[in-house]
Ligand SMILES: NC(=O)c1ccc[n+]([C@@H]2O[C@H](COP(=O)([O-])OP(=O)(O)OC[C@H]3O[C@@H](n4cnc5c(N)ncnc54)[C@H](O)[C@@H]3O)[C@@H](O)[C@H]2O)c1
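Given as structure tokens, the chain that follows is alone and in the form predicted alone.
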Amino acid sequence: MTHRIRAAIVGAGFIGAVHAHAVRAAGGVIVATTGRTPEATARAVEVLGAERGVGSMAELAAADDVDVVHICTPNSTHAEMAEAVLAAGTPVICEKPLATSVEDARRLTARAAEADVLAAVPFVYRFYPAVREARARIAAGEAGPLWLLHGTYLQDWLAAADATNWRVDPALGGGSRTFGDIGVHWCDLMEFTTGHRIVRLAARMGTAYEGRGGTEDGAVVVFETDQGASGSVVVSQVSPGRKNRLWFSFDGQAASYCFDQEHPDSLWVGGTAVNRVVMRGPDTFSDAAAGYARLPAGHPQGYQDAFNAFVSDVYAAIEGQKPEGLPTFMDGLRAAVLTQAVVTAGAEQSWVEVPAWNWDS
């Protein structure tokens, strides 16, 4: 970076702290934060290590010494906050979901384009070196045509009957909890890695405990892609023992590629005669992935490292570089469209067409 990026962070929970670490790892400094009350602002200053607290979101967005705003607050607040940042002409990183409705997500995406402001969404699983390696091998045609795309994203933080937080309230979290929270991560990763786009899907939503917020505990989604592949993903936040297991298998005629986020330092490459496990490292992965393999093989890189790489790429883009594969508000809009399609398919118990990749229509 030519100078230290000056960041503001709104939201001092788990993900806000992850952002704060990533800001510093990217060489930035946290200059400001704000909260709903003076007490909340004071706590955020302490938790995030910010230089100061300010009185409002508008003041934060328009501050002369803020180069980028990180929005890490509950889902229902994202659209209004992101709009304020865009109106000030300030780059923004907004946690997913970008918005709890397709209409809001579409409006924000259009305004970011009109303002020519960098606007990013943390689909950070793209930044695992093993994922980049799978993507490079698929693009090179090593597997032949992909025909089956399948996987899971399983967690257990809501496995207890009395477990709760703001995400279970549709007014705060949106109309889909589990798919909207983690299913969109899997779908973004699948589309990014394979180059396929989901065009048609069916879904079944399920609950382990009735009466907990009115949103799903899990979902099963089957889909078809624009390149003729079939696929499925199972998502759950009530799968005991699964802490954060995002897993995929992308199967072609000549090879399959498997990745497991709970064991992220390798890529499994399946063949009909020989299977291989390619360990993550700057000297074991291809050029497309090696730049994200910051440590030698055997020195684990995990979620925070992927997040750090995402923020580092955003900051490089703010300074005029063009990192490959940076997730933007367009990808946040894509996630909103997929979420709405899943909710509709689950409610109607029928196949639903996913709108084409043309947001002007």
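Just so we're clear, the structure is a prediction, and the values are computed from it rather than from any experiment. Start at 1 and count along the sequence shown; that's the residue number.
There is another form of this protein, the form predicted in complex with the ligand, and it is not shown here; the text below is about that form.
Student: Considering the ligand in the model of the complex, which of D169, D217, E83, D181 comes within 4.5 Å of it through any heavy atom?
Tutor: Filtering the options by heavy-atom distance leaves D181.
Student: Going by heavy atom distances of 4.5 angstroms or less, which of V10, L338, A345, V23 would be at the interface with the ligand in the model of the complex?
Tutor: Among V10, L338, A345, V23, a heavy atom within 4.5 Å of the ligand in the model of the complex occurs only for V10.
Student: Tell me the stretch among 118-126, 273-281, 248-256, 201-209 that has any heavy atom within 4.5 angstroms of the ligand in the model of the complex.
Tutor: Comparing against the ligand in the model of the complex, the contact stretch is 118-126.
Student: So in the model of the complex, does G213 come within 4.5 Å of the ligand, heavy atom to heavy atom?
Tutor: No, G213 sits far enough from the ligand in the model of the complex that none of its heavy atoms falls within 4.5 Å.
Student: Taking heavy atoms only, is H78 within 4.5 angstroms of the ligand in the model of the complex?
Tutor: Yes, H78 lies within 4.5 Å of the ligand in the model of the complex.
Student: Give a yes/no on whether A99 approaches the ligand to within 4.5 Å in the model of the complex, heavy atoms considered.
Tutor: No.
Student: Is there a non-hydrogen atom of A112 within 4.5 angstroms of a non-hydrogen atom of the ligand in the model of the complex?
Tutor: Flag for A112 set to no.
Student: Within 4.5 Å of the ligand in the model of the complex, do C72, E95 and H185 each have at least one heavy atom?
Tutor: Verified in the model of the complex; spot residues all in contact, yes.
Student: What residues of 30-68, in sequence order, lie within 4.5 Å of the ligand in the model of the complex by heavy atom?
Tutor: Heavy-atom contacts within 4.5 Å come from T34, G35, R36.
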